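Only one chain is included here, represented as structure tokens and corresponding to the form predicted alone.
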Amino acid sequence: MIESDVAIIGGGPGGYVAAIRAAQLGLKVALVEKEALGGTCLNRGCIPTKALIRGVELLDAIRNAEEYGIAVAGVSTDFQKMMARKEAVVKRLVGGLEAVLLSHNIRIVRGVATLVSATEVEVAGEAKENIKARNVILAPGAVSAPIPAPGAQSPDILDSQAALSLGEIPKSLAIIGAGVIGVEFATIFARLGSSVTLLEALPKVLPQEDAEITSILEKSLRKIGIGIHTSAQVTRITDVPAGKSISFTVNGQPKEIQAQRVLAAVGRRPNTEGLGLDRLGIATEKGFIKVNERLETSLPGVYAVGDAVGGLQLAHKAFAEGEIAAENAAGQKTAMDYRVIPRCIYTIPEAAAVGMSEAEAREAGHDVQVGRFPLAGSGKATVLGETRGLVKVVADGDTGEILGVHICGPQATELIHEAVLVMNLEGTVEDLAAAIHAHPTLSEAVREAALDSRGLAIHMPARRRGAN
């Protein structure tokens, strides 16, 4: 029997951060993981996809080098080398993570965990052993959700993990689902030469994001040859000599496309099977573990974090939840605040957002004022040759409080954090605009958009009176 203060099930973003924070607070920690440390994000998601996107960014830059007076000849893609670099990046970070955990004297237990009680975890590994703990933190993560259509469960339908293990670039690729996972893979494989088609059941790509931003991004995706069908309901997937035939309807009209490979990217479901939740009466909703603001489940002393509790399925959201759960397990009283969590999309150009969209702000009853600054007016974006995009600030017209910021353009995933910081401090557009921004920088566009919400943008034509 292993004795610990806290047992953590799952070594992904929520679990390993909870382990580190608990150790920092003086707790004895046992962390159970059946596979590689780092979970989906580090091994099969965030990091490997970004490693590939870095490759296609460089490829894109080389293809456009002539515009900058640089002649490049004989450019080719070595997909195996690109995939090998991706694996090397993952291996290095996994090794680094294990070293960090061990530096905190965290005991790593390999195997499949089952919750026996609120204070005991059974681990089936090379040798069965139990962990006795005062508190338990569940961080089991999520797995790819199935497509509810005949033929969609065929073993040769790719999920994100399988797509990251391909040995060659598909000649054609159909991606079912145009959320974050779908559009990122579409960007990667289209830039590598695949003929890519996106099928999305809802009326637009990236359905949860602001319509103006997704419109810009959709145009960029179409510009590189990606076919996009929205309001598309997949009805059947069948084998054909060329690969797969996907039957679907758009507004009731039957359609069909063929592709060498099919990638399912319709979302993820909680990975809680076999964990023992039902037996212990731990409440769930649509499969997700129900928690309170302290991340505690319906079973006192048992906490849950990450993708398995629902909401935004983002590594940094799981990081924050892991810290909060560990602090509460250590006897503190800390509540999770979901109000200001950035959402990042690593396409070309990038997109990022925090807070409410314009439509959501209006639905919530705010007197909305919107500020926009197109990157075509940015000196730095013009220098970079990347003027596609927009910064959009959604503010409360009465108080000036920033309700949401939405960006499409170069380095959007870095620029968004200025907005995150201001919103976290409940700042206003006046606060953001009062900060002097260096010139020439992309971040100037964020200030200009804040100014524009009050009709005061400097580097764009005067707004017509009464326009918003």
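Here the structure is a predicted model, which is why all the values come from computation and not from measurement. Just count from 1 along the sequence shown to find any residue number.
Below, we refer to the form predicted in complex with a small molecule, which is not included among the displayed structures.
Proximity of Phe319 to the small molecule in the model of the complex falls outside the 4.5 Å heavy atom cutoff.
In the model of the complex, no heavy atom of Pro140 sits within 4.5 Å of the small molecule. Though the partner is left out of this view, Phe288 does not reach within 4.5 Å of the small molecule in the model of the complex, counting heavy atoms only. Using a 4.5 Å cutoff between non-hydrogen atoms, Gly379 does not count as a contact of the small molecule in the model of the complex. Exactly one listed residue, out of Gly111, Gly267, Gly385, Gly193, brings a non-hydrogen atom to within 4.5 Å of the small molecule in the model of the complex: Gly267.
The partner is absent here; in the model of the complex, the one residue of Met336, Ala330, Leu314, Val368 having a heavy atom within 4.5 Å of the small molecule is Leu314.
Only one listed stretch (70-78, 146-154, 210-218, 352-360) carries heavy atoms within 4.5 Å of the small molecule in the model of the complex, and that stretch is 146-154.
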